[in-house]
Ligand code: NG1
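Below you'll find only one chain, the form predicted on its own, shown as structure tokens.
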Amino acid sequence: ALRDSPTLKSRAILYYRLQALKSAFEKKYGDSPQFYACAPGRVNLIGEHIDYCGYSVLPMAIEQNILAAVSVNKSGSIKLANINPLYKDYSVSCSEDIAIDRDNPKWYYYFLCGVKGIQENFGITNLVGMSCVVDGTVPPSSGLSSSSALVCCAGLVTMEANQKSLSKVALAEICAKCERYIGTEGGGMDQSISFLAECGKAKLIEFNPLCATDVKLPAGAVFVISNCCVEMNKAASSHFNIRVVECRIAAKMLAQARGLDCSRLVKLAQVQGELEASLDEMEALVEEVLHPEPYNREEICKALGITTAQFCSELLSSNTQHVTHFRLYQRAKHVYSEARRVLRFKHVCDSEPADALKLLGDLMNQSHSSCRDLYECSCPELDQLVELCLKSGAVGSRLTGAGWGGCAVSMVPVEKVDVFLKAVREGYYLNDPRRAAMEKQSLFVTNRRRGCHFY
């Protein structure tokens, strides 16, 4: 099930990439690779920052991916190299405990997250030696999940090299957990779609238990990705984890207000489940219980009946210990409204009404507004780009990925694609030398690809 052949359209590009990867491997290690593995990046169509709160998301895999050429060696070490000369080689002994420096998120630490996840899942004392060369076409720090694709690819090749076997669902769950070694408290969307995607389809990804359902997208439009060319590394900053912490605290505050045992509730979806309430009712509860002004530590500790020490150890992550104020109302309001938009998006896709494109576009636009105003995870460049995309013919446009930079995804009617691409190219990229140099890798129509596989 993990074996795949490329489509005719991408066969030539893939062939030359694999040949270049093979040549680089032979030059580096003096031998040919035994197998190749692929893990795609992804674009999230709707459902931003809600997977780690327990809610469904709606992504699809894209053609841009991570490729790895691999062979088993007898050196007793894992040797890693990258086609990109900016990324340095790395080697680690198989007999050593794999250490991941979350304060220094180099590319090879993401790879080692995947290695460590497989090692711990199977209880492998001594991993087999591996020689690897990696090639990536997912733009880094762009919101298209380059880091998770690398983790997934590493988990896949480590499983294969050590002659183990797991289902795609199990691999996705392992890789979602082990990426947290680098310090990012994600929810599992990126890894799930990287493994479970199918050609030509988007997926509704649900959690606890992990489940992927096909979503048929409307035939009259395509999705176009545009990179605002502002990079944001989730592991190198605290923006992402601050939002995770705020949602965690908001869940406990809502649970406490309704007399639930908040000590065991850490996700906003769990609170909804305990209350057996609708998403509309949860939004009303947010309005009733939480105030729009930021909460300080003392107010939260008093409400939850915990000490400052407990607050720091139980609610904060290692890179959010410095935070003193928390916007709980805004974060919870975004999560519940975004979770509702995901379900509406899927319903429109399933029911195929005559005005499907307009309805879906409206949901995407609402999502961006919520990310910008309530979750505060956009940036001026992304807002400018989204506005330009809408003026250029998109029926819907929104940030995709963590935010604070990276990409927008736009739904564009098929007949308007050429005009759209020209307008965005001229309006955003060609008037700035740095953006112009990045334009070919920053503006493209997505192809819905399948998940992780071997060649």
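Numbering starts at 1 and runs along the sequence shown. Quantities reported herein were computed from a predicted structural model and do not represent experimental measurements.
Omitted here: the form predicted together with the named molecule. The next part is about that form.
Chemist: Does this chain block the named molecule or leave room for it once its pose in the model of the complex is superposed onto the site C-alphas (blocked: 3 or more ligand atoms within 2.4 Å of backbone or C-beta; open: none)?
Modeler: Open: no clashes with backbone or C-beta.
Chemist: What I'd like checked is whether A37, C152 and G451 together line the named molecule in the model of the complex, meaning each has a non-hydrogen atom within 4.5 Å of it.
Modeler: Contact check failed for every one of A37, C152 and G451.
Chemist: In the model of the complex, does F345 come within 4.5 Å of the named molecule, counting heavy atoms only?
Modeler: F345: no contact with the named molecule in the model of the complex.
Chemist: Is there a heavy atom of G143 lying 4.5 Å or less from a heavy atom of the named molecule in the model of the complex?
Modeler: Yes, G143 lies within 4.5 Å of the named molecule in the model of the complex.
Chemist: So, in the model of the complex, is T184 in contact with the named molecule at a 4.5 angstroms heavy atom limit?
Modeler: Judged by the heavy-atom cut-off of 4.5 Å, T184 is in contact with the named molecule in the model of the complex.
Chemist: Contact with the named molecule in the model of the complex for G401, defined as at least one heavy atom pair within 4.5 Å: yes or no?
Modeler: Looking in the model of the complex, residue contacts with the named molecule include G401, since a heavy atom lies within 4.5 Å.
Chemist: Could you spot which one of G47, G54, P33, G393 gets a heavy atom to within 4.5 Å of the named molecule in the model of the complex?
Modeler: None of the other options qualify; the answer is G47.
Chemist: Since exactly one of S148, S192, T158, N227 fits, which has a heavy atom within 4.5 Å of the named molecule in the model of the complex?
Modeler: Filtering the options by heavy-atom distance leaves S148.
Chemist: For the interface check, one of 71 to 79, 184 to 192, 288 to 296, 219 to 227 should have non-hydrogen atoms within 4.5 Å of the named molecule in the model of the complex; which one?
Modeler: This holds for exactly one stretch, 184 to 192.
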